[in-house]
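For this one, two forms of the same chain are given in structure tokens, first as structure 1 and then as structure 2.
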Structure 1
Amino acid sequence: MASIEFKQICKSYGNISVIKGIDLEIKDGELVVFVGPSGCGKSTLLRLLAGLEEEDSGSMYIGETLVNSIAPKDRNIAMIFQNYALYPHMTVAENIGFGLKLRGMNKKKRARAVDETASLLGLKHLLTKQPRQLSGGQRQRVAMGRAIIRNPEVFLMDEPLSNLDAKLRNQMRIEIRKLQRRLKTTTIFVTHDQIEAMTLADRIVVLNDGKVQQVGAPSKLYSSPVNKFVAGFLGSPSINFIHARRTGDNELTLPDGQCVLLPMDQAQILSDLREVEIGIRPEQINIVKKSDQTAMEKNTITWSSSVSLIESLGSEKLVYSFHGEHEVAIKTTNSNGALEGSNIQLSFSMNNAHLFALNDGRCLSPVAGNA
């Protein structure tokens, strides 16, 4: 078990730079999820740590050891691949025990270790089977078995659940979480699925364009994204953005002409920006009855629009509507009788909104309500 540290790691393929100077520390025993859209460099970063790719510059530490020039097999890590990379010509037992065999463990000891691992994962009855005879979930488990049997310092998981169907994926996610808690092995989990990231991670690392966007606990990243990208990437449905022009020191004007006054401390952060975007989570928009208008607070934005689509999630509903020309999504338990095609009254409080600079997307303020 060990901590991990990336220092100024860079990697490019030809002219294309995929990792642009990453600094990151992972604590011993932590489960960290790398998340980001495809091409963001998350897998590359993982493979750099595994030693499957060679970094251009920077250094990586596992524990106290600088691992840059250490061969993959000597880094004491185990990796689970997207398609598991199980050997089709070996039985389950041989697959699980492969690493031990390569490391010269004798047959008897190996068999015992394989047995233990298999019972831990509920694979005991499958030991003599070949991978092609197994279901997707069982294969996944064999891959995990092969990883944990060596008791490595670090687990690396490269989108290990993406080949499973939705139900099995949830189940395996929980299993991985439980297993990691029990083994307390430092784990890096790569995914492009933000739900997986939110539910699994001790800390999430959001990557985009070869850079770390933000690192933190899932709830922290959700409530306090540092930029428009993080805000947009986490949460489903995505956060809604509404464009706004600054028309006074602390006055913002929305495309529909509505003005809203910010508290003076927020206005200060705006400094000399002329244009911003207001980010508001779907669950922070309310559908209000027309009669409730009078009850509105001062920094509340209210507008009416038509409903284009309603999706029911059971206890909650997703309502799709518009602000001006932009579609907005609303997640609510109380749709106040909204129907597809009908006109509804929408409102949100600026206390729940995030302000982002239009030019570089950075978040301008912690939201007043959460601050």
Structure 2
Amino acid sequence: MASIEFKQICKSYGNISVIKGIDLEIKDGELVVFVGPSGCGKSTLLRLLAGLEEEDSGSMYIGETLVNSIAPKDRNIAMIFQNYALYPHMTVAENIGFGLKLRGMNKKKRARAVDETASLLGLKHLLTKQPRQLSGGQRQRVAMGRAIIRNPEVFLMDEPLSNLDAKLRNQMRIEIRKLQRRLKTTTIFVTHDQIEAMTLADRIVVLNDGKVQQVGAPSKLYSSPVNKFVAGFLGSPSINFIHARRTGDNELTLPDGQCVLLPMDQAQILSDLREVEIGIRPEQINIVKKSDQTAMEKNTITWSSSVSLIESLGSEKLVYSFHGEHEVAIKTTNSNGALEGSNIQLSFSMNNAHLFALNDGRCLSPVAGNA
């Protein structure tokens, strides 16, 4: 097993800069997820580590070894792609053991290794089948088996679940997590799906525009984003943003004219900023009865709006309404009788909100930071 380190890695294609001076350390045995929108550089960074692309500058280490000039086949990594890339004319056993065959391992040892790997992945009953006879999930397990059997120092997974349906994705996500915990192999998993990132990772690396935005445990990034991008990217539905102007030392005024008093710790960090954005998670907005509003604190924002849509998730509901012209999402277990088209009362406490600088999107909340 091995740690991984990127030092000031840069990569451009012509005049387009894709990776912009990334520094990152991954601990031995960690499962780290690279997440971000399409084109953010996450797959490029993975391919640079694998040796499939050549960096323009910077250094990459696997353990203590500088791997920049080492051929891909000698980096002791195994890569699992979105495309299973199985040999259609070979059986499951032959696909799993093909890499060992190329390395010259004798047939008896190879068969033993294939059998052990197949047992680990629940594939023993499929060893004589060919890929066309397998489901998508089974094919992905075969692709994983082909990687695992090599006993590499590092697993690299480039959106391996993208071709599966929703149910299979959930199943495979659980299997990958259990398998990584059992093998304790350092793993980098690339995805654009923030739910996969939140459920799989020991730590998440959020990338955007070729730069690392934030690194940390999933719960830390969700509760303490360093900027508006991270706050908006993680969470389903996404965090709600409301523009506000500062009209007093500890007072904000919203577009509807409502004034709210800030907790002192929030007011002190605003410095001389005059305009901010309030970020509030859907689960922190409450649907309240009119009779409850008399008990609201001065740092609570309340407003009335109509319901545009309600989505049922079983134990929870997503209620979509408005604050002025901006649609807001509310995640709740108690919709208080709200119906589509009806008027509802909404509220949230500023104690549960983040403040973001309007000019550069940085989070001003005192809890913001990396894990």
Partner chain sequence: MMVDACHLWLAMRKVKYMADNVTARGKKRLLKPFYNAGYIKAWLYLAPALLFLILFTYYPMVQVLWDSFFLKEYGAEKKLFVAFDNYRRLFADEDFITAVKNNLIYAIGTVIPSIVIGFGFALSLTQSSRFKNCIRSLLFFPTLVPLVAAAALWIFIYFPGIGLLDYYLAKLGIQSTDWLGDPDIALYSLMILTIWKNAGFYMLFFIAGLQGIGEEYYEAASLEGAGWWQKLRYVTLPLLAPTSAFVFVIALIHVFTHVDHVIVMTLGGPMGSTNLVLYYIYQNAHEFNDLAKATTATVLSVMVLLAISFFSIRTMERGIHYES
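Here, rigid core means the biggest group of C-alpha atoms that superpose within 1.5 Å across both forms. Numbering runs along the sequence of structure 1, starting at 1. Just so you know, these numbers come straight off a predicted model, no measurement behind them.
Of structures 1 and 2, the one that is the form predicted alone: The chain shown second - structure 2 - is the form that fits the description.
Core superposition between structure 1 and structure 2, C-alpha change of Asn76 at least 2 Å: Superposed on the core, Asn76 moves its C-alpha less than 2 Å between structure 1 and structure 2.
Core-aligned CA displacement of Pro88 at least 2 Å between structure 1 and structure 2: Yes.
Per-residue C-alpha change between structure 1 and structure 2, Lys107, threshold 2 Å, rigid core fit: Yes: Lys107 shifts by at least 2 Å between structure 1 and structure 2.
Cα displacement of Gln133 between structure 1 and structure 2, once the rigid core is superposed (Å): Here Gln133 registers a C-alpha shift of 2.9 Å.
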